[in-house]
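Below you will find one chain, with nothing else, as structure tokens; this is the form predicted alone, and questions on how it binds or moves follow later.
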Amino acid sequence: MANVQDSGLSMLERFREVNRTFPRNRELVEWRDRGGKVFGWLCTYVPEEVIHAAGVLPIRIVGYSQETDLDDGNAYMYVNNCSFSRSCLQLGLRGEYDFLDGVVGGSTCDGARRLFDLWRQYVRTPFHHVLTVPRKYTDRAHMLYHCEVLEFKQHLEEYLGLKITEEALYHSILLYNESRELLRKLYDLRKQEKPPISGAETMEVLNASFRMPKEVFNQWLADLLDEASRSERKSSGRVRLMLVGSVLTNADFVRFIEDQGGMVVTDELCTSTRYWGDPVVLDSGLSLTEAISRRYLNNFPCARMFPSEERFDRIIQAALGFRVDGVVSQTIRYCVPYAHDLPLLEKRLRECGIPMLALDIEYGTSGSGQIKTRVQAFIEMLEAKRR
């Protein structure tokens, strides 16, 4: 069984409290009490810097933190839409996101697009906007996405009755780049033979990052990094694992894998590495909006992007850099992009000598007897392979 030696990291409690009390966490309540607006975003291809530069707090819309019945979500979406989309919609329909002043989505997959349409029609958040997101990295694709970002910026300015200045955009870029660099340092700690922080604890930090002002989050994360770097605390496990696949926000699922003896040291998820992976490059001679749009389109790719080799290459690079023994893929049922490229990814990993375990799950699951048996068998196989 994986375990963490020595006392806990006290700074982690700050992030846990945010997650426990969301959306009534103190940081969000104080923001709203000061008259601040809050917008929810549905996809990592939504440029947060533009929202932040408008003086609005961007937070991520996610579903339930555990697997549950989705009666309301199922009433409006076919059950062959992924349970993440249905879970988000159910929370919206039940008023859990009534505090939002706006919602911003991306046309990244059918489930996400239908979620936005239904949210606009039935949840009726005051402001709504969806960005068209190309599937390629060509010059024409970059031109299209930049136009989408400019249109979004203009729509936001018209709705709020203000001008998003270059100075405000520049400040927001620096702030979000700082957050990305701090998260990179957190992941670098996990390259150690016995990291001071576990995969489940890292996900708790990431979840909190979506639910509070980045100014506060960055300071808290800097404090956590300082505490972790000085700590004698050590994670241990029988094998080192990388987690890939569909959207995942349930830290208990990661903890479930680690309880079987796997040490999750890195990942490829839109709620983790693909969220913070690349900075906005400011020294490229591009305008600020062009720099932002290039960052979002060129960031660590989602499975929807084409060609797939860029994503596969990055996964393999991370797997080698973090010295993983194997990869665990978790695909939410009916998550078409990740189910589609799973055989191709498995083939690429096999060519590099990296075994993969593919799990078919529902969003919010914390594990089951069948998953436990498969994870345990996978870990035993990796141990035998390493001998």
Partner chain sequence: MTSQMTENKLSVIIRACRLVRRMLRADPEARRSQLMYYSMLEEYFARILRAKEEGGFLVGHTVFFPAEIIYAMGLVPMHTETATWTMALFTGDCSDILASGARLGMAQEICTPHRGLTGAFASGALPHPDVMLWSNMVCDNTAKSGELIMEVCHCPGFLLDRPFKRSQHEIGYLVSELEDMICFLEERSGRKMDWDKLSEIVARMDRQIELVRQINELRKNVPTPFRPQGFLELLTVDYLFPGQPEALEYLETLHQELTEAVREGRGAVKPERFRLMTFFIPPMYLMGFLDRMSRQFGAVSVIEPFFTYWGEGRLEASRPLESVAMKSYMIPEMRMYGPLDERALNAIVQCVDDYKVDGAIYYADVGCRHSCATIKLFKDILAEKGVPTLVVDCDVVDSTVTPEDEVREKLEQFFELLEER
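The shown structure was predicted, so the numbers you read here are calculated from the model rather than taken from an experiment. Numbering follows the first chain given and starts at 1.
Separately, the form predicted together with the partner chain exists; it is not shown, and the next lines address it.
A.B. asks: Look at the stretches 236 to 244, 249 to 257, 137 to 145, 198 to 206 and give the one with heavy atoms within 4.5 Å of the partner chain in the predicted bound form.
C.D. replies: Of the stretches listed, the one contacting the partner is 137 to 145.
A.B. asks: I have Y76, S107 and P307 flagged as a candidate spot, so tell me whether each of them has a non-hydrogen atom within 4.5 Å of the partner chain in the predicted bound form.
C.D. replies: Yes.
A.B. asks: Does the partner chain get within 4.5 angstroms of any non-hydrogen atom of V336 in the predicted bound form?
C.D. replies: Although the partner chain is absent here, V336 would touch it in the predicted bound form, with heavy atoms inside 4.5 Å.
A.B. asks: Residue-level contact is defined here as any heavy atom of the residue lying within 4.5 Å of the partner chain in the predicted bound form; does L344 satisfy this criterion?
C.D. replies: Because a heavy atom of L344 falls inside 4.5 Å of the partner chain in the predicted bound form, the answer is yes.
A.B. asks: So, in the predicted bound form, is V264 in contact with the partner chain at a 4.5 angstroms heavy atom limit?
C.D. replies: No, V264 is distant from the partner.
A.B. asks: Can T132 be called a contact residue for the partner chain in the predicted bound form at 4.5 Å between heavy atoms?
C.D. replies: It does: once the partner chain is placed as it appears in the predicted bound form, T132 has a heavy atom within 4.5 Å of it.
A.B. asks: If the cut-off is 4.5 angstroms on heavy atoms, which of these, R323, R26, R32, H340, is the one near the partner chain in the predicted bound form?
C.D. replies: Checked against the cut-off, the match is H340.
A.B. asks: Identify which of F99, Y159, Y122, Y170 has a heavy atom within 4.5 Å of the partner chain in the predicted bound form; exactly one of them does.
C.D. replies: Contact residue from the list: Y122.
A.B. asks: Suppose contact means any heavy atom within 4.5 Å; which members of 79 to 118 contact the partner chain in the predicted bound form?
C.D. replies: Contacting residues: N80, N81, S107, T108, C109, D110, R113, R114, D117, L118.
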